[in-house]
Structures are given as C-alpha cells and as structure tokens.
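Just the one chain here, laid out as structure tokens, in the form predicted alone.
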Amino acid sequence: MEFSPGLRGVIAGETSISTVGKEGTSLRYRGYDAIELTKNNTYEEVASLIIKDSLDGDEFKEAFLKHYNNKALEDETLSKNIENLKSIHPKGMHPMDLLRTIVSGGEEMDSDTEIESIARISATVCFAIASYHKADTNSLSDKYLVASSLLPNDASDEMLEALDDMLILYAEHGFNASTFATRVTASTRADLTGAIVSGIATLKGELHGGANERAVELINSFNTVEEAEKGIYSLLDEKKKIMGFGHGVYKVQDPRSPVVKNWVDQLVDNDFSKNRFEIAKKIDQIMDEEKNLFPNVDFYGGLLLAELGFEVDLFTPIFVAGRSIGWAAHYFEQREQDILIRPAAKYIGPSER
C-alpha cells in the first residue's frame, strides 16, 4: 500500500458539501461560488445551504435566536461557568480551551432537527465569545444575526457585513484537519457535540486555525514598513516559516484572501491601522517576490478581525463560530455514510526482539 505523509493527495472519502482548490483557485459550497455568496447572501443563508442544501436561512435564524436569547436571558449557569473557567488559571484560560470545555458540556435533544442541533452549539460558541467584550452585545441585527452576536452593540453596518463575509469564508473547507477530525469522531457513531469538540481541539493548532493569530503577531512585531522589510528578509535567511502564506490545496491563490484584504482596506481609519496594513502589504510583496507564495485567508483575516476590535486570542474562536456549521454538515454526512474511518499505518519500528 502506497504511503503518503500527512495523507497528502489521498482521497479519504466522498462529500457533496464543498469543492476546494478546483483549478487551483476556487471554493464552492454545494456548487455555489463562495465568493459570490459573500456578495449576495448572509451567513445564516449559507449555514442553511451547507447543512440542508437550501439558501432559505429562516429556520437557522429562528433556531439560533431562540438558543442565543435563552443563554443570554435565562441561562445564569452558563454565564457563571464561563466566568469560573476564565478565572481557573493564573494567566487565564485561552478562549479556545474555554470553547472546547463549554461546548463539551452542552446538552443534546433527541427531538432536535439538524438545523436545531447546530444552532444550539453555534449560539453557545457565540455567547461565549461575546462574554469577552467589555461592551454590551445583546442587540442583535435581523440581517446579520450571528455577526451581531459577536460584536458590541455600537458596531456599524459595515463592520457587521465584513464579519458576516468572514464567517461565510470560514464556514466550510473540505477535508481540512479539523473537519477530518470531526468526521473521524462521527464515524464511530459518537454524538454531534463530541465531534464538534474534536474540531475545536484540532483547530487550535498553529498550523491550522491558530495561523491567523501568529500572522497578526508577526505583523504587530514591526513598527514600520522598513523594519518589516528588514525583518522578513532576516527570517527568510534563517529559513523560518512565515505564517499566513501558501496553502496545501490552492495552487494559484486563496480566493478568500482578496475579499478579506478588501475589507481591511475599507475599514482602516487611523494612522496605526493604516501603518499596520502597509506593513502587511510589504510582507505580502516580499513573500511573492522571494518565495512565490500567496497570502491565505489567515494573513489578512487576522488583520480584519483586529480592525473589528477583537483581541488576538479571539481570532481562532471566531473561526470556530464560522466553521461549526461546516463541521456539523460533515458530521451528518459521515453518519449517513456510516463507515468507520480506520486507516492503516506503516510500521517503522524494530523487528521482532
């Protein structure tokens, strides 16, 4: 049996949910161009598309709103648990660890539809993320429901639309590491909550969802464009990995990156932000010229989330808020296929002793 490190190029299953990297550039959700969906649809409609192949987002909105309001208005236990978890560790619990723990304790109802099940988890994730804001987040937008649950009440329509687009672009991406982990868990006939927790745990790694944190930390480490230019060349000479560039599937460009970069360009409105954007563009230019590498969604995605006011350690939780519906769709698809994922391993240890 042929061995492929990291399962690169290995077809590990069948899916009708999305196509990634077709012709080196595209991303489609059930046949729809994901970039066009950001122009014409909301996250709630895309969530419905990914879960049940319909762009009518009313059912998802209704379910999300019900569960979010229940948590915000009635579930004092959840609020107390979140605050307790934040205070457990001397330096605080990383938001990804908090999400993993809070989601793992969630209840599942046998009577839930697929939309109801994921809306319950999605609302829990968004409620937990919102708890990190000092400002109130209880005023929800009818048009951008999920995005508004993650931003303070005074967020502009432009900010809501930008985050809505970010969530759409994060929503689904084929058999990536966290989705595959979710499908492995689903293949054992575990419950949806357990599968989503597997996805969250996997997404935390810096080679996956955590890349957006590392990318912004790199950008923030430079004060000027000149300093960035010198620093990146030095890192390249040292053969250090520059986070946020290249992709395991896309060969020409990450189609999500231009959308995100355009939003950053629209939102920067002060000298600090403008300087940071110029630093990012200089790093982008150097990586193109020196390594022929394009920015993936994490590079400018981290900048966008920073412009929306999120702290760096909330970037990957925002990824969870978007990707949870993709994980859920793969969970349901894997359960329907009902095949245990159990690959073989190439043994490289000692022979008999």
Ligand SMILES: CC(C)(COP(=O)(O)OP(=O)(O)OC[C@H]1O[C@@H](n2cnc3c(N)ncnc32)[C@H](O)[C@@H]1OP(=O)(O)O)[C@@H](O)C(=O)NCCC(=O)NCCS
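This is a predicted model, so every value here is computed, not measured. Throughout, we count residues from 1 along the sequence that is shown.
The form predicted together with the ligand is left out here; the points below concern that form.
With a 4.5 Å cutoff on heavy atoms, Glu44 does not count as touching the ligand in the model of the complex; it lies far away. Within 4.5 Å of some heavy atom of the ligand in the model of the complex lies at least one heavy atom of His208. Contact check for Arg276: no non-hydrogen atom falls within 4.5 Å of the ligand in the model of the complex. In the model of the complex, Lys230 stays away from the ligand, with no heavy atom inside 4.5 Å. Contact with the ligand in the model of the complex, defined as a heavy atom within 4.5 Å, is made by all three of Arg8, Lys240 and Gly244. The stretch among 47-55, 287-295, 34-42, 300-308 whose residues place heavy atoms within 4.5 Å of the ligand in the model of the complex is 287-295. Of the residues Gly174, Gly248, Gly106, Pro258, just one reaches the ligand in the model of the complex with a heavy atom at 4.5 Å or closer; this is Gly248.
Along 145-180, no residue reaches a heavy atom to within 4.5 Å of the ligand in the model of the complex.
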